[in-house]
Each structure stands twice: as C-alpha cells, then as structure tokens.
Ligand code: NAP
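Only one chain is given next, in structure tokens, and it is the form predicted alone.
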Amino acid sequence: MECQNQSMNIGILGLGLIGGCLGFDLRSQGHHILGVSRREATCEKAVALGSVDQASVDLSLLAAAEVVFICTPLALIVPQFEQLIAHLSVATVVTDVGSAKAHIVKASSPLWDNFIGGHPMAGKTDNGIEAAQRHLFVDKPYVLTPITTTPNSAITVVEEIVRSLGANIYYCQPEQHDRAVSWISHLPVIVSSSLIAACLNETDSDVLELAQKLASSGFRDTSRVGGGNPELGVMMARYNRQALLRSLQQYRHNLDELTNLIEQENWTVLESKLKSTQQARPGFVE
C-alpha cells in the first residue's frame, strides 16, 4: 500500500542501518529523501547506494522536509533534535527510531508539538549504511508511542508512512514500551553477555578450548545478542535502566529457583518448570 498519493520530502537524520533501510524503501515509493549524517563519507555513500536523493553534514538540508525520522544512536537523539528544530517549519512532523521511549518522548515532546515517538523492531547484526537493505520492516513490529498532546494529524502522517513499509503497527504508552522491550530485547542482551562471560571463567584452558570447538546451534542462539554491538547494549541499559533492573532482578530470582531445584535433586519439579517454559515459548516466538 502506498503511503500517500503525492510524493513527500522526507528527511532522515542519521544514515546508519535503520536510516539507510528507511531511505531505500521510501525512495522506491517515489518520495524525495534528504539525508543528514555526521560524516561526509557516509553522505557520499548513501547517495551512491541510492538510499537518499541528497545528503549533507548540515542540518539545514532538512528545512525542506515535511517529515523527519531521527535515526541516530540513542544517546544522540535528543541533542540532535534540539539542534534540528531551529531549521524546521512548525508543520514538520518529527519521529525517532530509538529503542527506549520514555526518556526521548519526555525530552522531545515539550520541544515540538508535531513529535511522535517510534521504534521499528527490526535489525541485523551488521551496522552502517553498507548493511542497509530493502524491505527490512516487512511484517516486523513498529511501535508508535503518541501521548495525549500528540496531534492526530502527526500520528496519521507517520502511521501511513509506517504502513507503507509493510510493518505491523502497535500503539502504547512510552513507559509500557520500555517495560515490554526490557523483557524481550534488553534483558536477553545482558543475559546473553553474562553467558559468554561465564564460559570464559573456565580455568582449565584445554576444557575452554574444547568448549569453543564444540559450541554449535544451541550456544549460537543463546549467545547471539550478547555478542552484538557493545555501544547499543550500554545505551539500552542507560536509557531503560529502571525497567531493565526490574527484569534482571526477576530473572535472577528464576535462576535461583532452578539452581535450588538442581541442588535438591528435585527432578520432578524441574521437569514441570521446563514443561511450562516449553509451552510458553510459542506465545513469544513462532
């Protein structure tokens, strides 16, 4: 489904993986894409790859944009937004793609009436404009977090663009979003990282080397997110700290419970726990 009948000027601030993917998809629909990056080389690459029509290191390029997606790293979203608004007309709709919403929405909404928080739940292990591809968002969740003061007109504009990407839209409050992603996105990063760290505590170097050689799909699946971008992991922890700590405390409680069952050799209860998690998993992933 096309976003709207007429083509729009759409700005993308931050030309990494998500910004690059947005550029490809929206440009292929006939929109005029204006990209801004901190590095001249990234701007040149984005134009050469065909992700954007024009690119610059200067925020003033986005003055012509009707909608702007802020796709910088999490820590830069609010500072960049504060600089960006000097260049925009009041009618411009601004949204972001940050993975923690309460902090961003709280800081950004008072600055700009037409702001709506967003988070596309799509990604790859590779980063940067070089890793950008078409159709990354198809059938993936895309969360929008409007608040009571968000104008309906701004919601509609972003909603139509997101729908045109083929994504599945979910609406919730920023705090609800942060609690939900702490369970299914941020907690797994920390747990997965601690799994890798625990294995490295093996003191017998021969055993450690053997474990590394024997590791296959089970270890690959459970360690994947812990082996991801460290900067992203720190940002998740820093900007979703409260919800993540809550999730970690609950996880530690569950781990203690399983540890106790194994210490007590209580195989019956352990089996019933493992049965219940086996049955619960399809509720999260197919």
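Predicted model, so just to flag it, every value in this text is computed and none were measured. Residues carry their position along the shown sequence, with the first being 1.
There is another form of the same protein, the form predicted together with this ligand; it is not shown, and what comes next is about it.
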Original post:
For this chain shown on its own, do 14, 77 and 120 all sit within 4.5 Å of this ligand in the predicted complex, going by heavy atoms?
Top reply: yes
Original post:
in the predicted complex, which of the listed residues (94, 71, 143, 105) lies with a heavy atom within 4.5 Å of this ligand?
Top reply: 71
**OP:** Could you work out which of 99, 109, 193, 164 is the residue within 4.5 angstroms of this ligand in the predicted complex, going by heavy atoms?
**Re:** 99
**OP:** Consider residue 124 of the chain shown here, and say whether it contacts this ligand in the predicted complex, taking contact as heavy atoms within 4.5 Å.
**Re:** yes
Subject >> Exercise: residue 223 in contact with this ligand in the predicted complex, heavy atom 4.5 Å >> reply: no
Subject >> residue 51 within 4.5 Å of this ligand in the predicted complex, heavy atoms >> reply: no
Original post:
Wondering, does residue 232 line up within 4.5 Å of this ligand in the predicted complex on heavy atoms?
Top reply: yes
Subject >> Option from 215-223, 238-246, 252-260, 35-43 whose residues, in the predicted complex, bring a heavy atom within 4.5 Å of this ligand >> reply: 35-43
